[in-house]
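As a starting point, one isolated chain is supplied in structure tokens, in the form predicted alone.
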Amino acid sequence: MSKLVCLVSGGIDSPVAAYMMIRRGVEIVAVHMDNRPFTDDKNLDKALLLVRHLQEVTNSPIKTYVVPHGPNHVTFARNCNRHLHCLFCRRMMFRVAERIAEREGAVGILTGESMGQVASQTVQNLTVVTQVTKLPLIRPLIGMDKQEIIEIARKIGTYEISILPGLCCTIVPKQPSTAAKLADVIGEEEKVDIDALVEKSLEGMYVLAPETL
């Protein structure tokens, strides 16, 4: 059985992506990037509820990593171009996911990204994000529109959990770049110690066994 690391938020898309791949016989290791204090406790609670529900509806155990991501936001906001912040965020997520994949023996990274749905998911920005990891990025929702994704979420019972109250990320820039250039993003990232941020994120993470969710 193949194993993928899946980035799971408290939103609608990522649990649908996870469900689709589990149904295809893939083992999932969930990774939740904890954005507090720029989100609230409810977002973490939702993410864990979603993983628990996925376990129940697929009868598949899912180990879950919770990784502190708030400090990374602070570092990028203080030192780098604010318009590119969402790109820094996504690239850090993939760096951390890649390290967890190495630990878990996973062969790729699974996401709920859908083309053009938000600023970070334009063709140009997806290309910039993809460059940061050597692992395959699996995007089963890439060609779906939001309504199609919602219909699946309703069918599998994750939609009601995903729309529970929770604070949306408050550090998203007012005018995020929708067509970032890789050279610009790399140049901005050179203003901070990326390796140190990754290591600190890994040091601060904790793991939840499937039976504890």
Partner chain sequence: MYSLLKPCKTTAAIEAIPRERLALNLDLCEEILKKNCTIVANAGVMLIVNDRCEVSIHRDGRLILKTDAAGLAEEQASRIAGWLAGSAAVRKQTGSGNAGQHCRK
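The shown structure was predicted, so the numbers you read here are calculated from the model rather than taken from an experiment. Positions refer to the first chain, counted from 1.
Omitted here: the form predicted in complex with the partner chain. The next part is about that form.
Trainee: Is it the case that residue 166, even though its partner is missing from this view, gets within 4.5 Å of the partner chain in the predicted complex, heavy atoms only?
Mentor: Yes, residue 166 is a contact residue.
Trainee: At the 4.5 Å heavy atom threshold, is residue 48 in contact with the partner chain in the predicted complex?
Mentor: Residue 48: no, not in contact with the partner chain in the predicted complex.
Trainee: Can you check whether residue 42 is within 4.5 Å of the partner chain in the predicted complex, heavy atom basis?
Mentor: Looking in the predicted complex, residue contacts with the partner chain include residue 42, since a heavy atom lies within 4.5 Å.
Trainee: For residue 95, is any heavy atom within 4.5 Å of the partner chain in the predicted complex, or not?
Mentor: Residue 95: no, not in contact with the partner chain in the predicted complex.
Trainee: Just one stretch in 72 to 80, 121 to 129, 105 to 113, 86 to 94 has heavy atoms within 4.5 Å of the partner chain in the predicted complex, so which one is it?
Mentor: After filtering at 4.5 Å, what remains is 72 to 80.
Trainee: Report the residue, out of 157, 187, 61, 37, that has at least one non-hydrogen atom within 4.5 angstroms of the partner chain in the predicted complex.
Mentor: The residue from 157, 187, 61, 37 that makes the contact is 37.
Trainee: Name the single residue among 26, 171, 144, 152 that comes within 4.5 Å of the partner chain in the predicted complex, judging by heavy atoms.
Mentor: The residue in contact is 171.
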